[in-house]
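In the block that follows, a single chain appears as structure tokens, in the form predicted alone.
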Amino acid sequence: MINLASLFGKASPPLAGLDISTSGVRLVELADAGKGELRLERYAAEPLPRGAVVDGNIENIDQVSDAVRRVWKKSGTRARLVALGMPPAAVITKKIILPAGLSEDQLEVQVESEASQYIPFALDEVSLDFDVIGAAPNSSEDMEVMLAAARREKVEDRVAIAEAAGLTATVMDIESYAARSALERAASAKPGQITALFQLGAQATHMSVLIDGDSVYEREQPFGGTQLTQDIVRAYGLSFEEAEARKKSGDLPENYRADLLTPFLENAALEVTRAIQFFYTSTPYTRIDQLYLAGGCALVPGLVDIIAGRTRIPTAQVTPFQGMQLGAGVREQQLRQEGAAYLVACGLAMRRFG
């Protein structure tokens, strides 16, 4: 069986979470602070050239590995082991039911047999992993197993990036799973509460709806912060990189808010509202109790308020480091401003603790 880089396995410390997205790479290192608490030791981000990563695919390994080297150095971490993430669209997941009590070898044979029914590729072209969830519902003689598979070349691209930067990939997770783990730790939900997480990236927005920690709905749509950057490029004649930098710093002409930012916020709120309505019409659920926003685009000023107003659902930015102790080199004010962009990296870093 081709293992998906310990997708569900445990990693040996020290370990850094490394999130590679369309717009940049983000690194988080956590430590055990004792008594069940975590400490944020280090975090850092480094932008990527446009086109280095497109739709989750690594298009330029050299550019991405260079950015990984820079972010590793910038963070000050000494961790050489990293947990990486795969985009949800690049991984096929399926819950399957198998007889309980199988040996490890028997389980691998059964999983490969079942996988061939759900994976539209030859098994020698995929990286495959599985995790035994527990007893199957309504059957003590069976067990529920989560199967995960991805094209091997996509996994190997990420492993090669880590190696080119002098690092070792010991865990390969699914980005949406990592985000949910970090959210569950940072934002405790009441039993039965329906929570929607919107991860707003540069080019895509991923929606996950959770009940008691389990995902009941997932959807991805092509909307992200690059749209606003491109508007700035067209309006002010800037390069893409300069427009991105000025968008983050706010160093733009007076008409920026009225002419560009407000229409973008309106469009973002419309996209979120449509996604919620689609959730209502395609599932048995008729309510959402809490919205959380994460990702780099979630940092755009005014986004939380306009989405809360349009949806009439309590809305907040995710603060993935909520309740954590902070290392000596962590600047708390900067962390409050940028924290929502590190949800996936934080979830990946948590894999250090199994």
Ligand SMILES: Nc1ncnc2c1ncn2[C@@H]1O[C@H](COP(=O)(O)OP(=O)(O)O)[C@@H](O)[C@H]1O
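Counting begins at 1, following the sequence as shown. What you are looking at is a predicted structure, and each value in this text was computed from that prediction instead of being measured.
Unshown form predicted together with this ligand; subsequent notes refer to it.
- Proximity to this ligand in the model of the complex holds for none of Glu29, Thr319 and Arg336, with the criterion being a heavy atom within 4.5 Å.
- In terms of contact with this ligand in the model of the complex, the residue from Arg151, Arg80, Lys74, Lys248 that brings a heavy atom within 4.5 Å is Lys248.
- In the model of the complex, this ligand sits within 4.5 Å of a heavy atom belonging to Cys297.
- When contacts are judged by a 4.5 Å heavy atom cut-off, Gly225 counts as touching this ligand in the model of the complex.
- The shortest heavy atom separation between Glu244 and this ligand in the model of the complex is within 4.5 Å.
- Proximity of Pro88 to this ligand in the model of the complex: non-hydrogen atoms within 4.5 Å are absent; the residue sits far from the partner.
- Only one of 66-74, 289-297, 325-333, 310-318 places residue heavy atoms within 4.5 angstroms of this ligand in the model of the complex, namely 289-297.
- Contacts between stretch 21-39 and this ligand, counted in the model of the complex as any heavy atom lying within 4.5 Å, involve Ser21, Thr22, Ser23, Arg26, listed in sequence order.
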